[in-house]
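The data below hold one chain only, encoded as C-alpha cells and taken in the form predicted on its own.
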C-alpha cells in the first residue's frame, strides 16, 4: 500500500485484517454505507477522540484547562461527546454558541471569538452569559452599548495581537498587521477607556497561529505569551484596579497530513508548560489557564469515504472517478490554503491488502480540474463500487466545504 504508516497509525489501527476492509467504530464500511443510505459520507470514531483527549490531558500539567474549538467540527453529536471530555468550548458564530449552550456546558466555560461579530451576535452572547473575545476598540464600544440596552453586564476577554508570531505555523494570526485581535501596544488605552459598569473583564486571549508541527516553535510562542501576559495583567491592576480570572493561551497544535510529516512532540510542550507554570506562579494563581484546540482533538478520528463510479484511461493515465470530491472535502482537494497540493493519506477501504497495485489519479464528479481526491498514488487495483477513503478528515471537512457547489447531493456524517 502507498501509505504514510506513521501518519496513519491511529486511523488504521482498527481495520479488519481478515476481510481487508476498514473498520470504524466496530462497523465495516459497507455496513456504514447502509446506515447512512449511500456514499459519500464522513464517519468519526468516538473512541479515537476519547483516546486523544485522554492522552493529552494525562500529558499536560493538571493546571491546564482543555477547551474544544467547535469550528473544527460542529457535528452536534460530536460536540455533545466533547462535553464529557473537555472543560469548555470556543465558538465562532451565534449558531455554534447556541449549539454549545444546548449541550449543557456552563456559559462561563464558553468563549465567542471572531473579528466580525454582528450586533445580533453580541446581544446573544451577552444574554447567554458567555465570554466575548473582543478584537477591536469598536467592538468593545458595541458590546458596551448592547450591555447598556439589555441592562446586563457583558463578560469579555481581550484578544491580543502580539508583536511575536508563531513560526512554522500553517496559518499565522499574530505579528504585524492583522484583522485578528487588539495590537498589544494599544491595550493600555483600551483599558483606560473601558466602561466597567457595563463590562466584566475576565482576561486575555493570546493566539498566535494554527496547524503547527514544530514543538520548539510552539514552546517559544508560549514562553513569549506568558511574558506578555505578565505585562498585561500588571496593566489591568494599574489601570482598572481589578484582577482577571482567565487566560487563554490559544493552541496551534497540528496533525500530520502529508508524507514525511512527523507528529507533534506533546511531551516536550507539556514539560515546557510545567516550567512556565513554576516560573510564572504568581501570574497563574487564581487564573483559569486555557489551552484551546480543535483540529488536534478530532482530525485523526475521522475519514471521508466516497465510491468509485467510473474508471478510465486517458493517454496512459489511470483515473478513478468517485461520487465525492472537493464540494465535501475542500481541504483535501488542496483548495483550502495549500500552496502546492499534496495528498492526504488515502486507501482503497475494502482492499487494504490488495496485492495488485496500480498508479492512479483519483478525482470527483465535478466539472472542474480542481476536483482532486488524490494525485499519482500507488494503490491496490480498484474497480467500480470500491471505497476511496481519505484519512485525517475529522476536522475542517464537511462544514468547511462548498457543499452546494454544482448542486451535487449532500454528504452524510456519522459519529460511531
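Numbering follows the first chain given and starts at 1. Computed from a prediction, not measured in an experiment: that's the story for all the values here.
This protein has a second form, the form predicted in complex with a small molecule, left out of what is shown; the following refers to that one.
In the model of the complex, the small molecule sits beyond 4.5 Å of every heavy atom of residue 300. At least one heavy atom of residue 159 is located within 4.5 Å of the small molecule in the model of the complex. Looking at residue 69, you'd find a heavy atom of it within 4.5 angstroms of the small molecule in the model of the complex. Under a 4.5 angstroms non-hydrogen atom cutoff, the small molecule in the model of the complex lacks residue 198 among its neighbouring residues. The contact with the small molecule in the model of the complex, taken as any heavy atom within 4.5 Å, belongs to 295 out of 327, 307, 117, 295. Comment: the small molecule is not present in this chain, but in the model of the complex one of 343, 211, 222, 155 has a heavy atom within 4.5 Å of it, namely 211. Partner contacts here mean any heavy atom within 4.5 Å of the small molecule in the model of the complex, and among 69-77, 223-231, 266-274, 186-194 they occur only in 69-77. Highlighted residues 45, 351 and 391: none comes within 4.5 Å of the small molecule in the model of the complex, counting any heavy atom.
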